[in-house]
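Let's start with one chain on its own, the form predicted on its own, as structure tokens.
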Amino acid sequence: MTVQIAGVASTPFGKHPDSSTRELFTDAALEALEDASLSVHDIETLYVGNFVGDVTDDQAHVGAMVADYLGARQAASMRIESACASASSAARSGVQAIESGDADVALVGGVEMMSASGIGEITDALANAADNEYENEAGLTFPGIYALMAQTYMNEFDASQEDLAAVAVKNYENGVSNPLAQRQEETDVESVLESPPIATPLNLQDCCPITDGASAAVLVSERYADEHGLGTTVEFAGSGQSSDSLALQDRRDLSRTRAAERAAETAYERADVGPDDIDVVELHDCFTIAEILAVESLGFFERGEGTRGALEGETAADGRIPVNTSGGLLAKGHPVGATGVAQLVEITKQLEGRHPNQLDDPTVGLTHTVGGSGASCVVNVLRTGGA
């Protein structure tokens, strides 16, 4: 039984000072339901990704909260937490519920309200995705963690800050035409290098912004789509998830993300595709180095050659393997609990031919979402096809 994507939606990413967690998620959910031609009463199960709500909002039990506010009290509801991969994990849970026959209609998504918190508070909250005993207590933050990974990669493969900056330049350019993106402005290598230093070698424009936002997708069984005439055109082809050591000190190699490698291998196998079959990718570029590590982990480049992607235009919208046509986390933004399904929204729009940076007839797309510094990773493969 294949799982179909019946409707998708994201709120604009950025600052939403007049909204709340429950309101933002409801906005995305209602738009996704309208896109699917379904109502809240059709939802049988609801999975919502949310990472730091119990810290920033002083609110746990987020699944029941959003189901209540949405008007879907009949649905089985659950909050899913896997750091920045929370929404992708929520989507996998929805897929598994349908594949198992437990449900025919699942609403999956994610939400995060981050901007109302002070920079110190949100930095501390995000640090919960690292190892508190061995990393946080030693003073590491996530920019510092990814800076260590960047330094290792640069030393091992003779890469430069200019190589990192090329990723930001590409993704900022893609974000300009995306009405949902938080940063809708171009940049250049010089501007990235001259932006304020955060954690050497990462500067401000190497880092994704603090973001509020929500995303949602309506998943249905192929039988349900057929019986209700939904006319779905995109389906889940395969999904993979894996883990790694929480702390960097326990990794064999800081210049690769093994959880992503394993998750990709599983997703490719289940979808019966390989890297060469992928037409468009939305991946986890929380920092510029993260995109370089990701394109290698996903098999698009050999180890040590990932910098070629942005530098030589291979990952540009008109390149060999377009990556982050939405602008990615760097430009579109990163409301951590919502990002994974937001990536599915972007890929679905590409496959349906309605993306602001539309490619020529893509048929297979991939999403890649990393939790923390790579301790968890979800890879999903979507393709055209439907009931």
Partner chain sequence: MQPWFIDFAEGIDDGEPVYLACEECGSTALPPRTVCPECGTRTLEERSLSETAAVTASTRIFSTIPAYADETPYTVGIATFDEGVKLTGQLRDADEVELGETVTVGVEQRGNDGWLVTFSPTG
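Positions refer to the first chain, counted from 1. Since this is a predicted model, take the numbers as computed values, not measurements.
We do not show the form predicted together with its partner chain, though everything after this point is about it.
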### Output flag, D279, S297 and G304 jointly within 4.5 Å of its partner chain in the predicted complex, heavy atom basis
no
### Summary
Assert contact residue (its partner chain, in the predicted complex, non-hydrogen atom within 4.5 Å, options L180, A199, L311, A103) equals A199
#### Entry: Contacting member of Q74, T266, N155, Q184, with respect to its partner chain in the predicted complex [4.5 Å, heavy atom]
N155
### Task
Determine which one of 145 to 153, 288 to 296, 226 to 234, 258 to 266 lies within 4.5 Å of its partner chain in the predicted complex, judging by heavy atom distances; exactly one does.
145 to 153
### Message
Does any part of A138 reach within 4.5 Å of its partner chain in the predicted complex? Heavy atoms only, please.
### Response
yes
### Query
Is L254 one of the residues lying within 4.5 Å of its partner chain in the predicted complex, judged by heavy atom distances?
yes
### Query
Does any heavy atom of E121 come within 4.5 Å of a heavy atom of its partner chain in the predicted complex?
yes
### Query
Is D250 close to its partner chain in the predicted complex, meaning a heavy atom pair under 4.5 Å apart or at it?
yes
